[in-house]
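First comes one chain, alone, set out as structure tokens in the form predicted on its own.
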């Protein structure tokens, strides 16, 4: 049985290892460490199986819109599951639990760069359909949004911006 819960201090090294294993590099783990140091508004969940961290998902603050209408929401990513346990529903459980928690927090939206075959099952759609563009060059089908509170996004279009840590920077909006 897999248990999904909030990250705890003792999970940090295992979270790093799961991300390195899943992505085959340390870049995502380094971003997570930087976000943890610089950002107080995170939702970090772990999947626990047999008392070990086997999956992790992170949501960090994102900004959507321009000029007169800017809305704060969250960005999903990275998400990682230990390679030997992938395709067993752990990632889906992490996404579903995170979305439920963000709804409870009255978060208006979640953006992500991800697999266009995986995330629509959770309600994500192409952000370009709503006139929302990613701050980075990305395939249109990979940049998605899940609207959790439609009235908050009424009339909001333009650029979606991630935390500066995703670009290797440590200063920016807080």
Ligand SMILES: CC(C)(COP(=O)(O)OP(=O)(O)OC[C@H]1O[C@@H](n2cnc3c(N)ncnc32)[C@H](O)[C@@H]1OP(=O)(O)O)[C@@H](O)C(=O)NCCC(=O)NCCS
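Given the structure is predicted, the values throughout are model-derived calculations rather than measurements. Residue numbers count along the first chain shown, from 1.
The protein also exists as the form predicted in complex with the named molecule; that form is not presented, and the subsequent description refers to it.
Visitor: Contact with the named molecule in the model of the complex for residue 108, defined as at least one heavy atom pair within 4.5 Å: yes or no?
Guide: No, residue 108 sits far enough from the named molecule in the model of the complex that none of its heavy atoms falls within 4.5 Å.
Visitor: Consider residue 22 of the chain shown here, and say whether it contacts the named molecule in the model of the complex, taking contact as heavy atoms within 4.5 Å.
Guide: Yes, residue 22 lies within 4.5 Å of the named molecule in the model of the complex.
Visitor: Given that the named molecule is not shown alongside this chain, does residue 114 nevertheless sit within 4.5 Å of it in the model of the complex, heavy atom to heavy atom?
Guide: Flag for residue 114 set to yes.
Visitor: Residue-level question: is residue 121 within 4.5 Å of the named molecule in the model of the complex, judged on heavy atoms?
Guide: Yes, residue 121 lies within 4.5 Å of the named molecule in the model of the complex.
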